[in-house]
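Shown next as structure tokens: one chain only, the form predicted alone.
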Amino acid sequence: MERYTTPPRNNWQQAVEKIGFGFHTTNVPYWDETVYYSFRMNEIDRIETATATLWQMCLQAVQYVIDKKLYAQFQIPEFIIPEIENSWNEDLPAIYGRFDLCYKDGQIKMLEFNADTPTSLFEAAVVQWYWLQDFDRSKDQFNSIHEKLVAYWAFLKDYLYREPLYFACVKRSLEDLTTTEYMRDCAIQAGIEACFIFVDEIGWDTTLNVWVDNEGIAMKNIFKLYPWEMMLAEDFGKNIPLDKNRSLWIEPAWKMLLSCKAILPILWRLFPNHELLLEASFDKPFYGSYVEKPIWSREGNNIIMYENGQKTEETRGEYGNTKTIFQTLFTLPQNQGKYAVLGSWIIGQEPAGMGIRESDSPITSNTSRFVPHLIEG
């Protein structure tokens, strides 16, 4: 894994906007093609194998949590527990997730798993691929994300209700809208009738006890780029157990167990000293170097990093009152003052590719830049 600097393409802004990537720059650059990372094929093989292994471990962890009824450690409301268990036991449709990995000194370590509403999908699947075609089309990437998305939507088609699949996200987020519309496009390519709706336009028919769209039509298949924990904290989510249609939510309710960082101590309990894991606990260490993370948090918010018991880094955010877990510190690799985290994708049941986020600090946040990669051979 080597970091290189390179001149950006002429008129690169127009090039990425042409393929639908409109949030390449906000108040800070997000897409950065002045940098790329190069990998050898044997490194890609290791990352792919690690991703597949972690996915199987996570599935075992979900079964363990359900068998042992450990929902209190996840701060899961009791009213949604039957939905979690039913969605797991019935193997309801799920499509994707992104492992955040640290690859350093020949080691691969799982930092966390974005299993419910992972972002940077379009950038990983499409934007960096088009960059590679302009940069050096003789090279390859660890990137079959698009093909696997279309193929897996085609596979899931028979598991959906014979009605349209709605794709929903919040308003006023171009990133969420782009990701959701990209997912919808993949479903359409797979032969699925797909509609778009904003989350706050999803209605509840109090007479029939069913979800309805803004025209009053019942919704039975719903892909939502909206976190389960936020749904459950609102009156909106409390209607889910009352739904007479038993609508299919993608991602399904069981995925909230994996998107919660409480799964990290569970994984360590099940697979102690596994080479891909970092020691994690619900109890604060008395010494050493570790990271404190809220079990429900996003975009690097409210993370505290300790080295030899002393606080060295801290981020602010809206998750400060959430229960925390503690994970052994394994800092991201640093090159020219930049820190890189690998986002390795699972589509369906298979590793599918990766994207890289680069930061100026050891904690990856929503201001971290997306940079492309290639395989040298």
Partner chain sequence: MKKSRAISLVLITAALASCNKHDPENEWTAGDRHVYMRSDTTAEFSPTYHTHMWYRAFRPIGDNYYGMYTHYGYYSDAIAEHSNYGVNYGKSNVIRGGYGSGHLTVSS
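Residue numbers count along the first chain shown, from 1. This is a predicted model, so every value here is computed, not measured.
The same protein has a further form, the form predicted in complex with its partner chain, not shown here; the description that follows concerns it.
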Region of this chain that lies against its partner chain in the predicted complex, out of 156-164, 68-76, 124-132, 268-276 [heavy atom, 4.5 Å]: 124-132
Residue 249: touches its partner chain in the predicted complex, heavy atom cutoff 4.5 angstroms: yes
Touches its partner chain in the predicted complex: residue 225 (any heavy atom, 4.5 Å): yes
Its partner chain contact at residue 350 in the predicted complex, heavy atom, 4.5 Å: no
Its partner chain contact at residue 292 in the predicted complex, heavy atom, 4.5 Å: no
Answer option from 193, 307, 140, 91, heavy atom within 4.5 Å of its partner chain in the predicted complex: 140
Every residue of 282, 322 and 360 near its partner chain in the predicted complex, heavy atom within 4.5 Å: no
Any residue of 172-195 that, in the predicted complex, places a heavy atom within 4.5 Å of its partner chain: 172, 173, 174, 175, 176, 177, 178, 181, 182, 184, 185, 188, 189
